[in-house]
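First, one chain by itself: the form predicted alone, in structure tokens.
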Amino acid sequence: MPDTSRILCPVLSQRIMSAEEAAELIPAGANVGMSGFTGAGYPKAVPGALAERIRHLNAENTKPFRINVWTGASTAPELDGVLAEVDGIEMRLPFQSDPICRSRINNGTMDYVDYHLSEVSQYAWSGFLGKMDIALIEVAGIREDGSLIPSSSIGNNKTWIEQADKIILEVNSRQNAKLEGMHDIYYGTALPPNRKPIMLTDPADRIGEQYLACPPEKVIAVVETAAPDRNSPFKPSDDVSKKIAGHILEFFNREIELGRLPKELLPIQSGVGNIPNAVLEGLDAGPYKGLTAFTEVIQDGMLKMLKSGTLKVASATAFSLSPDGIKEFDENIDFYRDKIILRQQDISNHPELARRLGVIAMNGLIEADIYGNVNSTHIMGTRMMNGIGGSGDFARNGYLSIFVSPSTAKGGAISAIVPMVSHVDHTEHDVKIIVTEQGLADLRGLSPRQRAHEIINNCAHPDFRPALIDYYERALHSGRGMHTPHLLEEALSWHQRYEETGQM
């Protein structure tokens, strides 16, 4: 049963109601800002109740009932999945990873806006997205004065609470009460020309408040829940991910020897997934001590690094832990309390902070071309996978931008290295390092033709390397522009061939 002691504000304790009653307060066409980031801290009861309401209403009426859903990043089946299943989402932003959402986006029945995560709050403040009608926010508790104890993610919650006309709170007693105090909510942001420097010079710095300010008069409903975050286990490191991690660690060691990185490296940013976790495991097994992280999410690998002393502090906006990772965190939260800081995403992903701190950014790719352009969002140029997330925030502004991927996909039918990417998320100007299990291409200081040699020879799978060399050499002797040689009539032929035959 929910622990009612989590709601200590007398005024807000009078607004407790069921999820079904709260869902009745959300009108069709509303812009709804929901909490949640990488499967952590999302509302778990009201979205399901709203989906049931939509299901019944859409069965009775010819005009569909849909809302526009804005979040921090991806959520979980209890939010994105249930609402997409009943065709209840008109517009989704700024990032998603739900298979039903993805299907609707790609069949054209759901609109989707893919934003850099650092920019979403600014767009909302500026009015570019329209007026936010309702914020639906999960919290770990409500204090006597009405301020909110944030949950396992912060994301855009500060902005949603500020921007929304009305607020619905889900108070989740399943969230560890000792999360209180781990958050750092910065209230010094502003729009131009009123911006001031953000006084954060180290990932360990605390510059804000522990709680979210929330005007009680805006709160129209409080719903009690006791449900866990939905996070999937990570796969054990396989040979491919271990080889990729090995190439990156060898690169770090060389950079330290050359004096281009300190022995404590620089603050680490890591995307979510099995390969990034393998890199973290490799760092933990290496000679490194006293590292820091300035990133979006705390993953299992970072908990292990904090436990061993490899990592001394991790700054993020959310957790993204496996079930085993959640158990480890809950059982040892007293150890982690002063080593983990959760911030809102317009600070965790802030481009100026990433540039000033000198972040080492490590993110995944779908495909890269022979000149270093990266596609991290679209399958075959047209079908959305998840979104750009925070990768662009860090890749463009970090000290090092590293993109990783296995060299092939679909059992070897697809090459991750292609003549020309079918969609560009990160231009060659923002991509410094590309790594596959085949090797590492350091693109710094290289011309396009030099980059092509590095990428083809070091990163392409041997099955595709001869065809890439053939394409490049024929482009080189085509009599066209020599700066970035291409055969325009063939540049996307690999993708076309896959669409027609299932094999590049």
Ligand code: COA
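Owing to the predicted nature of the structure, the values given are computational and were not obtained by experimental measurement. The first residue of the shown sequence is 1; numbering continues from there.
One more form of this protein should be noted, the form predicted in complex with coenzyme A (COA), which is absent from this view; the next part is about it.
Transferred by C-alpha superposition from where it sits in the predicted complex, coenzyme A (COA) keeps all its atoms beyond 2.4 Å of the backbone and C-beta atoms, leaving the site open. Within 4.5 Å of coenzyme A (COA) in the predicted complex, a heavy atom is found for all three of 95, 385 and 388.
Heavy atoms within 4.5 Å of coenzyme A (COA) in the predicted complex are found in one stretch of 128 to 136, 186 to 194, 263 to 271, 162 to 170, which is 263 to 271. The partner is absent here, but in the predicted complex a heavy atom of 276, alone among 150, 372, 398, 276, sits within 4.5 Å of coenzyme A (COA). In terms of contact with coenzyme A (COA) in the predicted complex, the residue from 344, 363, 315, 175 that brings a heavy atom within 4.5 Å is 363. When coenzyme A (COA) is considered in the predicted complex, residue 200 lies well away from it, no heavy atom lying within 4.5 Å.
Residue contact check for residue 353: none of its heavy atoms lie within 4.5 Å of coenzyme A (COA) in the predicted complex. Proximity of residue 376 to coenzyme A (COA) in the predicted complex falls within the 4.5 Å heavy atom cutoff. Using a 4.5 Å cutoff between non-hydrogen atoms, residue 409 counts as a contact of coenzyme A (COA) in the predicted complex.
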